[in-house]
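A lone chain, given as C-alpha cells: the form predicted alone.
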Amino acid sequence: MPYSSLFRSEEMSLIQLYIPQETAQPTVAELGELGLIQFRDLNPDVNAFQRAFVKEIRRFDEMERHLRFFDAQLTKSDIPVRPLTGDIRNIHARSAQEIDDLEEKIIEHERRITQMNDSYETLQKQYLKLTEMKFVLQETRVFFDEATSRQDNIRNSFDEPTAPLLEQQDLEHGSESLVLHHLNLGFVTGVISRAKMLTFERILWRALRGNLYLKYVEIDEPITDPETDEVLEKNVFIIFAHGKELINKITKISESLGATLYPVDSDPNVRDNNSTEITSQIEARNSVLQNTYNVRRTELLKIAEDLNIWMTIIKKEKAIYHTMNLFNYDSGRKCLIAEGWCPSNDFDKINQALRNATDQSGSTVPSILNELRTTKEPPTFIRVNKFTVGFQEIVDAYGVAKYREVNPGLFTIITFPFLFAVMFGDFGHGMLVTAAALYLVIREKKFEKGISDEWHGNQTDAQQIGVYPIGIDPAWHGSDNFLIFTNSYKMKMSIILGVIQRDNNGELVHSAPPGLLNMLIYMFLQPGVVAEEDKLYPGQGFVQGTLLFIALICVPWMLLTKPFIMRRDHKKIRSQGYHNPQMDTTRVSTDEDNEYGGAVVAEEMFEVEEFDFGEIMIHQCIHTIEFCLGCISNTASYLRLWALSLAHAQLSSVLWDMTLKPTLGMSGVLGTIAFIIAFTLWFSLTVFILLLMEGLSAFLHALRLHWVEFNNKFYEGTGRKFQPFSFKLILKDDDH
C-alpha cells in the first residue's frame, strides 16, 4: 500500500462504481459523508436542464426557498436561530418518506406564516389609517376653533379668479357649517409626508393662483409603515377654497403627491362622535394586533428550533442529486454507473461505506467497485492538519502541485517562519507576536466559527555571534559604528541564507570578516584566484574554480540532456510498434439488451501527446536561460532580508529615542506623567508600526521569496486540486 507523505501528493486511482438504482440515494449519501471521491461528469454533452434528476433538484430548490423565507422572517423579528450542535454527520440524509413529511411540514409552516403576515399587514394598514384619522380630527378641531374665533373680510367680488380668497382677519361669529355654506367654501383634509410639504404648498399656490387657505401641523408621534417597517414623518393639513372646481383640483394634486385624504364633517358634534368611535376602534385593533403578533412569534420560535437542521438536510439532499446527475444510467442493468478519483490508500474505507449503504437500505444487491487503468493525470491530494494547512495554502496560492510532484509545502513549514524571523529581526517584538498567537490558539474554539484561516505566530531567533545565545553583543547598541556593523553583517547574512535556501546546502566558517561581495565578483572575473585577505579556508581558489567549471558544464547539460533522452525513449517505443497508442484505447461498457445499441459509457481513457523534438528543444532552451539568469537575480533578491531587518532595527531605535528615552531622566510628578504619556505613545506606535505594519511587510517579502526565488527552481504548480464530494466541504462553503 502506498504511504502518505507531505513530500508528495497521495497516489490516486480512477475507480468505477456500479450502484443499484434502488440504493443510489443512500449510497451517494454515505460517500458524501466519507468525502473521499471526486466524481467525474459522464454526461458532459447533456444540458443541465435535461439530466435525470432535474425534477428532484427543483423540488429541493423550492424547499430551500421556503427556508430562506423563514430565515428572513426570523431576522426581521430579531429571533435567533438555534445553532447546530455536535457533528453534522448526525444530521444524516433522509429517506424518501421522511423528505415527503419534511416538505409537507415546511409548506404548512409557510402557509401559516404567510397567512399571519397578510393578516398582520392588513391590520397594521387599518391601524395606520385609524391613527392618521385620529390626528386629522384632533388637528382640524384646532383649525375650526381658530376659524370660528375670527372674522373674515372677504373681497367684494368672488367672481374675480385672481382675487385672494381669505386674509388673516377674524371670521364672523357663528356656526362653522353656516359660515362655510354662506361663503360657498369647501375644504380638503388629509395627511402627507413631511418631506413633500414644501413642494405641495408651492404647487397648490401656483395652480390655484393663491385662491386657497392652507393650514398644516406636524404629527409628533412616530408612524410606522406596515410594508417597509420604516418610521414616517407626516403632517396633517386642511385647505379651504371656494367652488367645486378648485376643490377637485386640490384633491387631484394631493393624491398625485401621495397624500392620504380623510373626510371630515363641518359639524363639530359629528366630529366629536367620529373621534370617540375611532378611538375605540384603535383600541380594538391594538388588541388584535398584539394577539396576532404573539401567535406569529410563537410559530417562528418553533421554526427557529429546527431551521438549521432542515437547511442542512436540504443542502445534503440537493448535493446528492447534483452528484447523481454526473452518473450514467444503465437501463439494462437497472443501475447507475459512476467514475471518480480517490486516494489509493482509502479503498477499504470506500468499500466499507458501500457495504454500510447496502445494509442500511436492506438491499440484497451490493454496489461494485472497480479500479480502472488510465494515463489521465489525476488531481492532487495532499493530506494536511491544523498546523500544516496554513503553509500548504501559501503554496497553493502560487499554484497547485502536479500529481506526485515534490511539494514545497514541506520546506515552507521551516523556511517561511525562519525568513520571516530574519526580516522581523527583533526578539522582544517576536515575543509579543508569539503572545498574540498563543491567545488565538487558546481561544481557537471560540474563534473557529468566525475565522476560516489559521494564524500562526513565530518566535524569531537572531544569528549567534560569539558567546551570546540570542542577538548580538549589547555593547554595540549606542555605539557610533552600530549602523555600519549591522549593515555589513545583515547584508552578508542575507546572501548566505539566499544561497543556502536556493541550493539546499552551505557551510558557515568563523573567520576574519571577508569582503563577501568582492569575493563573489572576482570568483567570475578571476577564476581560481583569491586574495589573501579574502581567504576563508586553504584551497579556496581551487574549490571556487571547480565549482565555476561545474556550473559552466551544467548549462549544456541542462539544455541538451533531457530532450535527447526523451527522443531516445520515443524512438524506442516506435521501434517496438507502439506508435500512436491512442488510436485504440476507447473503453466501452455494453449491454446486449440495451435499446440504445448497448453503449453505456464510452470515453478515451488514455491521453498521449504527439512527440515534437523541435518544440521540446525550444521549451528546454527557454527554461535553461531563465534558470541561469535567475541564479544571479534571485540571489540578489535575498538582500531584502538585509534591508527589512536593518529597517526594523532602525525604526525601533528611532522610536525609542524620540518617545520614551527623553523621559527616563525626568523626576517628580511631572516626570511620572511624562513617562506614562511617552510609554503609551511608544507602546501604541510599537504595536501599529513595528508589529503590524512591519510584520505584514516581512510576511509579504517572505511570501515573495518562496513564490519567486524558491519555487521557480523546481516547482511547476500546474496541477488541479482534489475536490471530493464531501458534505463537510459543501456546508462549509455555503456558510461562507
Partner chain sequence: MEALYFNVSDGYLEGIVRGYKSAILNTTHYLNLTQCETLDDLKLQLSATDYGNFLANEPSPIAASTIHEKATQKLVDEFKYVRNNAMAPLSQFLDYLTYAYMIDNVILLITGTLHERDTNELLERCHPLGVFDTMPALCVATNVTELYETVMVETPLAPYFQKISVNDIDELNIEIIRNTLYKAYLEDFYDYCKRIGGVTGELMSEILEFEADRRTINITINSFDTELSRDDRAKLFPNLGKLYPEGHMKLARADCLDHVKAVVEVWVEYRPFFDTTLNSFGGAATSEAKTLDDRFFEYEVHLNKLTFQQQFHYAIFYAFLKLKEQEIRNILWIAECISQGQKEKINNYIAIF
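Numbering follows the first chain given and starts at 1. By rigid core we mean the largest C-alpha set that fits within 1.5 Å across both forms. Bear in mind that the values here come from a model prediction, so they are computed numbers and not experimental data.
Just so you know, the form predicted in complex with the partner chain exists too; it's not on screen, but the next bit is about it.
The single contact residue among 302, 112, 661, 252, judged by any heavy atom lying within 4.5 Å of the partner chain in the predicted complex, is 252. Contact with the partner chain in the predicted complex, judged by any heavy atom within 4.5 Å, is made by just one of 256, 95, 575, 650: 256. Contact with the partner chain in the predicted complex, defined as any heavy atom within 4.5 Å, is confined among 663-671, 55-63, 700-708, 36-44 to 55-63. A residue is said to contact a partner when one of its heavy atoms sits within 4.5 Å of a partner heavy atom; residue 291 fails this definition for the partner chain in the predicted complex, lying far away. Although the partner is absent from this view, residue 203 contacts the partner chain in the predicted complex, with a non-hydrogen atom inside 4.5 angstroms. Interface membership of residue 555, defined by any non-hydrogen atom within 4.5 Å of the partner chain in the predicted complex, is ruled out. Although the partner is absent here, residue 209 is a contact residue: one of its heavy atoms lies within 4.5 angstroms of the partner chain in the predicted complex. Residue 209 shows a C-alpha shift of 2 Å or greater between this form and the one not shown [criterion: core-superposed Cα displacement of 2 Å].
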